[in-house]
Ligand SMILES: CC(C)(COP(=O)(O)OP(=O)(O)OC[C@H]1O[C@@H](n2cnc3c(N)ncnc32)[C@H](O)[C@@H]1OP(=O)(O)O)[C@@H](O)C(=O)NCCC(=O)NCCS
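First, one chain by itself: the form predicted alone, in structure tokens.
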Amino acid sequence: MTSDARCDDPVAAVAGGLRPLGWGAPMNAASLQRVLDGLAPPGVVVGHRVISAGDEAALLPPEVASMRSSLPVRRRASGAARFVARQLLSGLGYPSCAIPTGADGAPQWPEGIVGSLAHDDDVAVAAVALARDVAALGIDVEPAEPLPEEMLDLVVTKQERRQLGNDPLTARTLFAAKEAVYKAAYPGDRIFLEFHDIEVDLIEGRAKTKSDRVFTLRYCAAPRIVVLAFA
């Protein structure tokens, strides 16, 4: 894929997405939002929030009741992600919507909406769209750091290894892409996917699942690795 994302921050646009001029730089919230705005295709809105103390209070009662984890750190991240999602939904005409977690662990979106939530230890992101415009949508966020060596075989297929090259962030980007694809595919297929059930081509900006579903990818690697998957 040749990305149409635009950014004035320390990233460079190249075939396949946005690459950092240097990984591990401190995150700038404003620069991340500009990158996210550039990633989103027509009809999709994307936002983020730096996870902060007290974000667990953003959870609505139906959301609290649906969550399996009572750990404050998990609820704080979930609250931050839903805070972002509600802001985005409000812009689409869905104010004050609860987004509870289903029995399968997936967020339950209002009728007529497709969406996805993600967070790492520091940042929460959300992507939403009208179902009439976008059939499937997934997002993932990861720190701009190399994937731990012990996870490489678990995540990366033999064919995907050709893409690794000398970029220390490529394997982590593949990981994030597969997480985003799974989130996009699951609501329609209800099939659990292992990492090797998804084949990713970062250069072409495409991913294919074992059930032959194909998704378009847009991604960045700075100031955070974020991957958007959609169909």
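The first residue of the shown sequence is 1; numbering continues from there. Because the structure is a prediction, the values reported are computed rather than measured.
Keep in mind that the form predicted in complex with the ligand is missing from the display, and what follows is about it.
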Heavy atom contact within 4.5 Å of the ligand in the predicted complex, the stretch among 201 to 209, 158 to 166, 37 to 45, 188 to 196: 188 to 196
D122: touches the ligand in the predicted complex, heavy atom cutoff 4.5 angstroms: no
Interface membership of P107, the ligand in the predicted complex, 4.5 Å heavy atom rule: yes
is_contact(K183, the ligand) in the predicted complex, heavy atom dist at most 4.5 Å: yes
is_contact(A118, the ligand) in the predicted complex, heavy atom dist at most 4.5 Å: yes
In the predicted complex, residues of 137 to 156 near the ligand [heavy atom within 4.5 Å]: D140
